[in-house]
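A single chain, nothing else alongside it, follows as structure tokens in the form predicted on its own.
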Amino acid sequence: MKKCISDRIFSLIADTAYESGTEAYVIGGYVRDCLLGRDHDQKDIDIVVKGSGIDLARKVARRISPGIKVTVYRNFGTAMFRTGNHIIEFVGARKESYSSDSRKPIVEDGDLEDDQNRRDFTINALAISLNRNNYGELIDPFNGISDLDQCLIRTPLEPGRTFSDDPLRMLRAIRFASQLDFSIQPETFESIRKNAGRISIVSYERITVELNKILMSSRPSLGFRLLYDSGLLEKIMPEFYKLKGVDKKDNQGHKDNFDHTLQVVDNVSAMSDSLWLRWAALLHDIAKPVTKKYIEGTGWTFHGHEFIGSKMVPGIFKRLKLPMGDSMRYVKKLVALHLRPIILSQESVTDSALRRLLFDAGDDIDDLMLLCEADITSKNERKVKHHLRNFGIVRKKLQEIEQKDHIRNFQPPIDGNEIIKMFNLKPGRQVGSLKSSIKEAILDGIIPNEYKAAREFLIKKAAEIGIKPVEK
């Protein structure tokens, strides 16, 4: 296993540990990813120490460079520092025990075996020795290598104990399965199902970290299907859970909106690394369960689901402790607008409609178009090609209108302050109405997006309601 620890930093840690009379091991994700051949150029490295991790961290940091800042978390007995592309964390080997109502453990000093016992999964309990007597030796007490070969997620100890002690590990199991494209051992997955209710003692901040990592995997649908099957999704995202299923009436059914949404998320993920665009894909049809209605002669409808869905986004973000600023507003906007390009692609589109779409989407128009293209999940290839061809036409027209009219994120050429001075008005509804009339005239193509044309239009519009500009 020496190929995984050829870096100079490991030799330096080994020398420092030997001189300090202690033992040190590389453990966890770095070892796992190295054995899988995954890129770890910018990777956290966990070093478990028999003794004080803080003391060894400080000694190693001084040997690398006196200027390195060591961050100490004394309550947890850990210390960390950055060197090159790596963040190295040192922790004293420990054993843990838990109470039933908390995921915060009671910690005691221990040895490597104790530390490996407390790890969440066998593939994360793999350790490589940095000690002189067996430097580079893989220490694998739970046959984690075999699980790596079989692409299997399994707990080192009895899974019920593992998940009851720390319920966040249930989400981590699904996250690793999603990231690595692994399966979860049946006994381990059944234990997740039995302990799903325990997720209630985990903070949403920690839950959302795992959800984001699932969303950022190459095929997020793998993780979300496991969340559904395990019972965890119903606990943490009941709105999304309710998308599952098909209702039928008069032999008419609608598509399974859960399956459709996951296909859209996978489609977006194949085209973009944006976390928030993936969240928009995940939530774009979130209001379909509450807007679903059967109309005789028409079938199943979901009228207004884009509007209602956009209204649901802030509440979901708030509960999940996601950022409530620009990221939330971006997702809300895309959910609200996701039908507009689809509608435009199905009819003879007017320049006015395109201008309004550009105005409403602003700089997010390209992401909106990508989301809409990902939203085409029909198994009918001819239908898909037809929609994509029409989207291509819409894209081209949007580019032409933007080049000609500069609508994206535009502000009317004449603002409210100038209107007040021009007509000697007081701030109020009349000023807002005149300013809005300029915007509408530009979006409708009545006037170009230019100051002179806007001023002439404004004077005529004001004259219609008996207002004249102040003579200079």
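Start at 1 with the first residue shown and count on from there. Because the structure is predicted, anything quoted here is derived from the model rather than measured.
Absent from the display: the form predicted together with ligand ATP. The rest refers to it.
Undergrad: Evaluate residue 279 for contact with ligand ATP in the predicted complex, applying a 4.5 angstroms cut-off between non-hydrogen atoms, and reply yes or no.
TA: Contact with ligand ATP, no.
Undergrad: Hey, in the predicted complex, does residue 225 get a heavy atom within 4.5 angstroms of ligand ATP?
TA: Outside the cut-off, so no.
Undergrad: Is there a heavy atom of residue 124 no more than 4.5 Å from a heavy atom of ligand ATP in the predicted complex?
TA: Taking the distances in the predicted complex, the answer for residue 124 is yes, it comes within 4.5 Å of ligand ATP.
Undergrad: Hey, in the predicted complex, does residue 29 get a heavy atom within 4.5 angstroms of ligand ATP?
TA: Yes, residue 29 sits close enough to ligand ATP in the predicted complex that at least one of its heavy atoms falls within 4.5 Å.
Undergrad: Which single stretch, out of 394-402, 326-334, 116-124, 181-189, brings residue heavy atoms within 4.5 Å of ligand ATP in the predicted complex?
TA: Selected stretch: 116-124.
Undergrad: Only one of 166, 375, 364, 360 gets a heavy atom within 4.5 Å of ligand ATP in the predicted complex. Which one?
TA: It is 166 that has a heavy atom within 4.5 Å of the partner.
Undergrad: Here the chain is shown alone; which of 439, 408, 58, 43 has a heavy atom within 4.5 Å of ligand ATP in the predicted complex?
TA: Selected residue: 43.
Undergrad: Check each residue of 66-94 against ligand ATP in the predicted complex and list those with a heavy atom within 4.5 Å, in sequence order.
TA: Residues within 4.5 Å: none in this stretch.
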